[in-house]
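Shown next as structure tokens: one chain only, the form predicted on its own.
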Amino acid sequence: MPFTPMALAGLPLAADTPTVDPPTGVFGALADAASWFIGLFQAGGETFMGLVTGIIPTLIVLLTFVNALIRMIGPERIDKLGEVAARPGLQYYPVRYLLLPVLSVFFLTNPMAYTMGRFLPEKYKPAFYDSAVSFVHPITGIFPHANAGELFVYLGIAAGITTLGLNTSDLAVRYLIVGLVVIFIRGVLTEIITTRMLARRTTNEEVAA
């Protein structure tokens, strides 16, 4: 056998290094459970590092931009839109249940977006809330700052799309468009339901009197 530095030092060669068989039985089950347990946190750490090097910097920059945009536009102009949306008439439905919820969620983010309902009469507030709360997820695909605390909802969907090798940008656009259609429908239907319930309550109160 040729002499090597390890052989001269009296150390075993790699081929001669003894190995330990993995445990079996109860101890093997415990070892597997421990490996799974620590692997769970390792996977979480890898996901977190992916967010730190990916979405989080973008989120911070985008949030800074939106705050600067609000100051340039002026909060009072955004508030003025809420007053316009409170006007009666079918022509104000898109303003009340499409434009106002979208701008509220985009500029004020979740959950401050719901405060824009203060400009609306009581009979419109439930419908506006229904529209706004239904839009806090569809917007995250393109503007994650609007609902950063629940970004995992969109990321969970995007993970499946990525696995299939599809484009997540197309998903984000479709997610947004479907959200716009849904919030408008929900707003109009909720207003109709609210109006009927208020009328029924008024009738009951008159009968009771």
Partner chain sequence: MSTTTETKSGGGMDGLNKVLVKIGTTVGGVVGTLYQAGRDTIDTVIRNILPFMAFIAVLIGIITKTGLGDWLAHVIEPLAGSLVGLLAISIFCALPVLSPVLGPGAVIAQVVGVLLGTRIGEGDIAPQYALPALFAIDPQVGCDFIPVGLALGEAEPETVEVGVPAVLISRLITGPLSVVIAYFASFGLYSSSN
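Only the largest set of C-alpha atoms that superpose within 1.5 Å between the two forms is called the rigid core. Predicted model only: the values in this text are computed from it and were never measured. Positions refer to the first chain, counted from 1.
The following text describes the form predicted in complex with the partner chain, which does not appear among the structures shown.
Taking non-hydrogen atoms only, F143 never approaches the partner chain to within 4.5 angstroms in the predicted complex. For the chain shown alone, R77 is not a contact residue for the partner chain in the predicted complex, no non-hydrogen atom being within 4.5 angstroms. Remark: L90 does not count among the residues lining the partner chain in the predicted complex, judged by a heavy atom distance of 4.5 Å or less.
Proximity of V26 to the partner chain in the predicted complex falls outside the 4.5 Å heavy atom cutoff. Although the partner chain is not shown here, in the predicted complex the stretch 175-199 places heavy atoms of Y175, V178, G179, V181, V182, I185, R186, L189, T190, I193, T194, M197, L198 within 4.5 Å of it, in sequence order.
Superposition of the core reveals a Cα shift of less than 2 Å for V178 between this form and the one not shown. Put the two forms on the same core and the Cα of S169 is off by less than 2 Å between this form and the one not shown. With the core held fixed between this form and the one not shown, A43 has its Cα displaced by at least 2 Å.
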